[in-house]
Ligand code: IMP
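There is one chain below, alone, in structure tokens, taken in the form predicted on its own.
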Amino acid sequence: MVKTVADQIAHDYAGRQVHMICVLNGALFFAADLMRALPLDCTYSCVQLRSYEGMTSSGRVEEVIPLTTDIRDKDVIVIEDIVDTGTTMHFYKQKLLALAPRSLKVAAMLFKPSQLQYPDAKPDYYGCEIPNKFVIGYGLDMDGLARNLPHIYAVTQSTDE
């Protein structure tokens, strides 16, 4: 999955330098592996955005750690763990476009097309399309836990308390 995304980015940005913005905390593992797989010169920074409460999207996006890097006239790729409703990327892309990057793309590890509510938030690059399941592992969490699992797992909700 990482190699597929890296190959697409390398093809599209051959001979250019890119600035990667890792969306913490979920995209950390994917971003690290993706940047190591890229045969390009790249710089990076990290931001932290929050839109989930437990297993449910809150519908709001909070910028916990803001971008401090000047991205004017740079080719920018935002690295996200998962795009489902697109609320986070819709909000964040608007904010970044106001900073005048040369180009702006989104690379997501996972994409849930059935849940997308904002067409402009569809990732330009993604590793895998998945059905509408809550997933954990490889950076993805449930209330802060399970990020360290080496694989991605679907969580089934239990009606038991």
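The first residue of the sequence shown is number 1, and the count goes up from there. These figures come from a predicted structure and were not determined experimentally.
The following text describes the form predicted together with this ligand, which does not appear among the structures shown.
Option from 38 to 46, 98 to 106, 126 to 134, 62 to 70 whose residues, in the predicted bound form, bring a heavy atom within 4.5 Å of this ligand: Contact criterion met by 126 to 134 only.
At the 4.5 Å heavy atom threshold, is residue 82 in contact with this ligand in the predicted bound form? Answer yes; at least one heavy atom of residue 82 falls within 4.5 Å of this ligand in the predicted bound form.
With a 4.5 Å heavy atom cut-off, would you call residue 141 a contact of this ligand in the predicted bound form? Yes, residue 141 sits close enough to this ligand in the predicted bound form that at least one of its heavy atoms falls within 4.5 Å.
Do residue 112 and this ligand share at least one heavy atom pair within 4.5 Å in the predicted bound form? Yes, residue 112 sits close enough to this ligand in the predicted bound form that at least one of its heavy atoms falls within 4.5 Å.
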